[in-house]
Ligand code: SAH
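We begin with a single chain expressed as structure tokens, specifically the form predicted alone.
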Amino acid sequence: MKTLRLREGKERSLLRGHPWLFDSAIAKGGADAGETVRVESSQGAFLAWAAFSPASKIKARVWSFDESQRIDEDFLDGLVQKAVQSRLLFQIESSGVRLVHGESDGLPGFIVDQYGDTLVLQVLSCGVERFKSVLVKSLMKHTGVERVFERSDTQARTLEGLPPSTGWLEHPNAEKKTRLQISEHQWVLNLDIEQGHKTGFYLDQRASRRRFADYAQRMAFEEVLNCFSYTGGFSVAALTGMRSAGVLPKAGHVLSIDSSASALEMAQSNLRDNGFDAAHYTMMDADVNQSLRSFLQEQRQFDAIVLDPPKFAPSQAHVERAARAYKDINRLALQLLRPGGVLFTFSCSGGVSAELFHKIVASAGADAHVDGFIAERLQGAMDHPMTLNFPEGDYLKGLVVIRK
């Protein structure tokens, strides 16, 4: 077994149970990509078993802190079984579920989403890549699902020194459809596991979509703006709430803006499949920032606005620039809200903490000369857990602001 020896004083994070080991902490040692290594303190004391990654700044990701643990097929099967079974405790109102959430489930760099009868996985670390066939076998055993698709085509995989990998890993018959439909709460949603973002959809916003539908019903929204709308999940939620409030069919309209024509086409099919008339929604293929500025010039106002942008800060080095971008769109949105209007605003940038995001939105309000009540703080859905020892898992944060 190959060994990594740490520099003096660099064992503290591992002793706290954090699963990452950066290159700057290592005094000597190495291994092949994905190979299991023994991690020792500068004094030679055992710290962890970890998967080695030669190309990444994160040189090792911990499998276990137990010296007696063997990192083998049975160990990995146990982790998959535990992750799958834990989702049964959450009572999720959807046929789309995050089954494995990387480090939070003890499987660093492994993401698995289930969409009905299909599993879609992302392999984002060398350790998981080395055991991929074992993990796929285990997933199929514990879920009973026979369709497995891989979407390992993210920047995280590139940083690991791994080439992109996409396509079917397991499939029981000739029909290999990649456009699927899931149920969620009171609605249905279409997605494309081959062309869509992430594994095909944003399951992490499931709970926030439910909350937005609740607000739309309780406050009887009539004019809603959904920015960075992607395939229209928040648009479906808005119109569902408006329908429950009795706003439809006499009134009610949702404007969805995104810069992807294919995403807007999917959004339109989602709205249509949920029984909404085209008179109540509009799709706008445009830049959000420019559109918000145009709406201000036109003196338009909205009862509710959703800001769910892509990741503005892919790393800590981009946080300052991202803060400016978040502030700008929130300033514009707050100005476009009617008094009493509701803003659902989000950041999925891991480098932007919840505290910093609060400060950004507050600064945007000050520049807009707008104040508001923070009605709620939002986070990822419960099947995207964050553990006590891995705060980096808390990437998605949101605020519900009601304009005064």
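The model shown is predicted, which means the values in this text are computed figures rather than measured ones. Note that residue numbering begins at 1 and tracks the sequence as displayed.
Although it is not shown, the form predicted in complex with the named molecule is what the next lines describe.
Note on contacts: among Gly167, Gly246, Pro172, Pro310, the single residue with a heavy atom within 4.5 Å of the named molecule in the predicted bound form is Pro310. Interface residue among Asp105, Glu160, Glu129, Asp258 relative to the named molecule in the predicted bound form, by the heavy atom within 4.5 Å criterion: Asp258. By the criterion of a heavy atom within 4.5 Å, Ala279 is excluded from the residues contacting the named molecule in the predicted bound form.
Using a 4.5 angstroms limit between non-hydrogen atoms, His197 touches the named molecule in the predicted bound form.
By the criterion of a heavy atom within 4.5 Å, Phe295 is excluded from the residues contacting the named molecule in the predicted bound form. Among heavy atoms of Phe110, none comes within 4.5 Å of the named molecule in the predicted bound form. Comment: 301-309 is the region of 301-309, 115-123, 130-138, 144-152 lying near the named molecule in the predicted bound form, near meaning a non-hydrogen atom within 4.5 Å. Residues Phe228, Ser229, Tyr230, Phe234 of 222-237 are found to place at least one heavy atom within 4.5 Å of the named molecule in the predicted bound form.
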